[in-house]
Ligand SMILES: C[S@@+](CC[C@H](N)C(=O)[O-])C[C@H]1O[C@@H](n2cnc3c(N)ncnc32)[C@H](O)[C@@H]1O
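Read the single chain below, which is given as structure tokens and is the form predicted on its own.
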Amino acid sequence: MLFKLRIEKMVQGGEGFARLPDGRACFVQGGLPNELCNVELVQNKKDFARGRAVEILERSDDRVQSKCALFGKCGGCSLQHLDPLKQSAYLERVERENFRRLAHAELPENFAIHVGPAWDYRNRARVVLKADKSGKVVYGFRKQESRSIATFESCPVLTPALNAFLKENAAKIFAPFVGRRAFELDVNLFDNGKGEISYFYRDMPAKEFAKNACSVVDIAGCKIHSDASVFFQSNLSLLPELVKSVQVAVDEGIASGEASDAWLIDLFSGVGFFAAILKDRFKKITTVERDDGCLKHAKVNLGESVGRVVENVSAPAENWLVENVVDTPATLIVDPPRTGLPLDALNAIVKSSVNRLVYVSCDPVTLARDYAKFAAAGFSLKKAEGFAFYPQTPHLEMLFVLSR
């Protein structure tokens, strides 16, 4: 059954919001604000429904033809129907509403979203390799809400180097697995910005890992060591903008006296990325990361520093905070996963002597939730910026500077 619905607005996740005739909210994939659409329901719940726009009866001026034949099939880009030049404005409206609804506050008037190239930007990806019925090795991404694969020859958001690497090397990587019935190999790929590709797959032999998984990235005059098995930012063209904003926030905190150059605490530090770039500003540095693969690189990236204390701690951030009393006005950076700050970690920060923190978030919803708790504890929002690291998708990274 089709419903003729008017899309009111875009919501978190890039879906259009409309009302069914009975008043229930309907979240519509592929619908843009003000469009009139024929919508097919794909999920029908008591309180809400989800659907997809199967026909656009009245089109938005911001709608464009998708660039990729897999649009709507693969689980990647979901905003290719929206003009790339307009995507950041739509995301800004969504996040302002999220913040208003979830944090009961307003984002600053000067909140802005940094943007980079709309295509050929993605340095990091996970693809699936398999042999088709003829024995040819093909590759692709998982389809939307499915384990099946949407194969491609060239993806318009991947860097040209990644596309070329897959075309030239997919069969070679898959060669040891040829003959395994219905076997699929998930492979992490990373382009270090110089066209040098590293890759990783589960149970990769140690010799192959040493040869092909490791990488070095040059960012802000710093060489960052990593490998394709661990997390690293996927858009190196925009990453310097985030680095610059973090550096400015840190320097302003030290200059104001709200923070200190005595101690940098980098929680959820990954490979020690921010700490490595900022290390020359501090007398003591502590990175806290539970993933041992990341910790191995953090030790290299921080290195040995004359006149500076460096400790790389393997622990959940919330456990470390609870067990270590921070009784100085240290500089604190947190960069948690999509789930946001664990409550124990947030409470430990509130109880500490930290008066200023830089919060880097990959999920604006959990950021708004955490901000509400910080605000209730006396913190105020000094700065807010967005970073559109994933054009053609609704994902947005944000940076908050909080102080009390």
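No experiment lies behind these values; they were computed from the predicted model shown. Residue indices: 1-based, along the sequence shown.
Missing here is the form predicted together with the named molecule; even so, the following discussion is about that form.
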### Task
Could you spot which one of R290, K194, K299, R100 gets a heavy atom to within 4.5 Å of the named molecule in the predicted bound form?
R290
### Message
Which residue, E95, D227, E258, E318, is the contact with the named molecule in the predicted bound form, using a 4.5 Å heavy atom cutoff?
### Response
E318
### Message
Tell me which stretch of 331-339, 369-377, 32-40, 56-64 has a heavy atom within 4.5 angstroms of the named molecule in the predicted bound form.
### Response
331-339
### Message
With a cut-off of 4.5 Å between heavy atoms, is F273 one of the residues that contacts the named molecule in the predicted bound form?
### Response
yes
### Message
Against the named molecule in the predicted bound form, would F268 count as a contact residue? Criterion: heavy atoms within 4.5 Å.
### Response
yes
### Message
I'd like to check something about F209: if you look in the predicted bound form, is any of its heavy atoms closer than or equal to 4.5 Å to a heavy atom of the named molecule?
### Response
no
### Message
Can you tell me whether F183 touches the named molecule? I mean in the predicted bound form, with a 4.5 angstroms heavy atom cut-off.
### Response
no
